[in-house]
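Consider the single chain below, provided in C-alpha cells and representing the form predicted on its own.
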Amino acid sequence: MKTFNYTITDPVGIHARPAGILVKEIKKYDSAVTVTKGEKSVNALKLMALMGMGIKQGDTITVSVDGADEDNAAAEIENFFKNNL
C-alpha cells in the first residue's frame, strides 16, 4: 500500500467539478483508492461520499492506494492533486 498526504490549495476545496475529474482519473487504475480526512475515510470512486467529506482549502488529507498498480497509480494521483487541487 502506498500513501501520501496532501494539503488542498484550491480555494473552494473538493467540490463537484474537481471531484468528478478525480473519480475519472482514479478509474484508470486497478488499485483501490481511499481518501481520509481526520477520522473519516471514503472510497475515492464514490463521488457523493467524496464531496460529503467537506474538504476545504487548507485541509490535509491522506490518500491510500492499494493494488497491483499502486506504485504508478499513487504517483500519478498525487500529481493530479498537485495540478488540480
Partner chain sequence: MISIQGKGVSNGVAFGPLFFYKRSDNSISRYEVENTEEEWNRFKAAQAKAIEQLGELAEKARAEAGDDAAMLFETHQMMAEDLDYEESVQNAIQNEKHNAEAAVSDTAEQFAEMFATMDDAYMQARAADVKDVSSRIIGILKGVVQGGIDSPVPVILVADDLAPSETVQLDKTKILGFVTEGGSGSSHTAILARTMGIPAIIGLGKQLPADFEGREAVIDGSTGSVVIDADDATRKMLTVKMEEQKKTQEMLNRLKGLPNETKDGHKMKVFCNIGSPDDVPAVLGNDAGGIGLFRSEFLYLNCDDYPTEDFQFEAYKKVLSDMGEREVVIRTLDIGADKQIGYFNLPHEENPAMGNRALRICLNRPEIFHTQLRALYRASAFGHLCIMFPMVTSLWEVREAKKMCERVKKELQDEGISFSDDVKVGIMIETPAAAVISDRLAKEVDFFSCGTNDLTQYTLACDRQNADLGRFFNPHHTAVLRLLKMVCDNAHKNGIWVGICGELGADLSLTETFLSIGIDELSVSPRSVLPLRQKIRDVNVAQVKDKILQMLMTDENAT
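Residue numbers count along the first chain shown, from 1. Bear in mind the structure is a predicted one, so any value in this text is a computation, not a measurement.
What follows is about the form predicted in complex with the partner chain, which we do not show.
Taking non-hydrogen atoms only, I77 never approaches the partner chain to within 4.5 angstroms in the model of the complex. At a distance threshold of 4.5 angstroms between non-hydrogen atoms, G54 is in contact with the partner chain in the model of the complex. Among heavy atoms of A49, some come within 4.5 Å of the partner chain in the model of the complex. Put simply, V12 is close to the partner chain in the model of the complex: some heavy atom of it is within 4.5 Å. Residues of 17-40 that come within 4.5 Å of the partner chain in the model of the complex, judged by any heavy atom, are R17, G20, I21, V23, K24, K27 in sequence order.
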